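The chain below stands alone, shown as C-alpha cells; this is the form predicted alone.
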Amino acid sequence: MSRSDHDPSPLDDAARAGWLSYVGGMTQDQIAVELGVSRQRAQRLVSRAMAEGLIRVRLDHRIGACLRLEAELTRRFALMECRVAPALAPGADPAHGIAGVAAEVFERVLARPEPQVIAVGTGRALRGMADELQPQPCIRHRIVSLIGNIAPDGSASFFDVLMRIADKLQAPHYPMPVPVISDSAEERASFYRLRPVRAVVDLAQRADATFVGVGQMGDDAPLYKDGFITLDELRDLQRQGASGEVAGNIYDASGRYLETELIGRMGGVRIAPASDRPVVGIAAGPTKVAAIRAALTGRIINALVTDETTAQALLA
C-alpha cells in the first residue's frame, strides 16, 4: 500500500519544529513542550529541518559592510550587479550561504514581463541557488544549458541544475545534448553538426541573462573531482596556466581562454567576454578567489554573487 500525501512522514516533526523556530520564533525549550519531546530532540529536529531544506531563510536587511563591499567590487571590476552575502562561520559551506541571495537575483530576471532566455551552467553553487528558488509558473521564459552533462562513462553530473530549475518554474527547457568531453575533436564536431545541438547552442548564445558557477583549477578542481578529466590532464592544464573554469571553458589568470587539445574536445558554449547582457558568476570560498578574480579581470563574468570573506579577498 502506498502512502498518500496526507499520511504522516518521518520529516513531519522536523518540518513542524523548523516552522515553530524560524517562523514562530519559539525557543528550543518551547518547541520541546509544544511537540512533547526532549529539548535535545527539539534541537535535532530544527537542525534536520534546515539540513533537509524544509525551511529556507532569506535575509531582507542589507548589511552595511556587505553594501560597501558590493560598491567597491562594482567599481573595481565595472560590474552590472554585485551581491555580497554575510559570511558564515569558519568551516561552513560557502555555497550554502550565497544560495538564497543568488536565487533573489535569478527571480528578478523571472519577474521581467518580456519572455527571457536564461542560460545556466552547472555546479554546487548553482544547485544551491536552484534549491532556493520559489516554485512559480514561468512558461513564458526558456531555460537553456550551457554545457553538456554526459560523463565518459555515460553518467550525468549530480550537480546539473537545468532540470531542477525547469521543474520549479514549469518552464520550457533545453539541455545541451553532448558529452562534457568528447573522445576527439572530430567526434565533438560531429555532435555539433546535429540540428538539435545547433538549435540549443544558438539559443544559449542569445541568452538574455546567464548564470554560471566558477570552478577552481587547483587539485580540487570540479572537472577533476567529478570525473570529467584525469589527474594527468589536470596537471597538464595547470602547467599551461589554468586558473579557472566557467561552463567547462578554462582560462588563465588574466581571464584569457586557453586553447589546448583537451579544451578542443570540451562540449558546451563558450561565453564571449565583455557581454552587454548580464553574466552572473555565483561562487564563494577561499579556493575560488583566484578563479573568480581571473573571470572578472577577463570580463568573462560581469556580475557577481559571493560572500563577505570572498569579497574581501578579491579586493585585497
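This one's a predicted model, so the numbers in the text were calculated from it and none came from an experiment. Heads up, when I say rigid core I mean the largest set of C-alphas that superpose within 1.5 Å between the two forms. So that there is no doubt, residue numbering starts at 1 and follows the sequence shown.
Missing here is the form predicted together with the DNA; even so, the following discussion is about that form.
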Of 270, 41, 256, 265, which residue is found within 4.5 angstroms of the DNA in the predicted bound form when only non-hydrogen atoms are counted?
41
Candidate stretches 248-256, 31-39, 275-283, 65-73, one within 4.5 Å of the DNA in the predicted bound form by heavy atom
31-39
Would you classify residue 54 as touching the DNA in the predicted bound form, given a 4.5 Å non-hydrogen atom cut-off?
no
Can any non-hydrogen atom of residue 260 be found within 4.5 angstroms of the DNA in the predicted bound form?
no
Residue 26 within 4.5 Å of the DNA in the predicted bound form, heavy atoms:
yes
If the two forms are fitted on the core, does residue 69 show a Cα displacement reaching 2 angstroms between the shown form and the other one?
no
With both forms fitted on the core, give yes or no for whether the Cα of residue 250 moves by 2 angstroms or more between the shown form and the other one.
no
Answer yes if the CA of residue 304 moves 2 Å or more between the shown form and the other one after aligning the rigid core, and no otherwise.
no
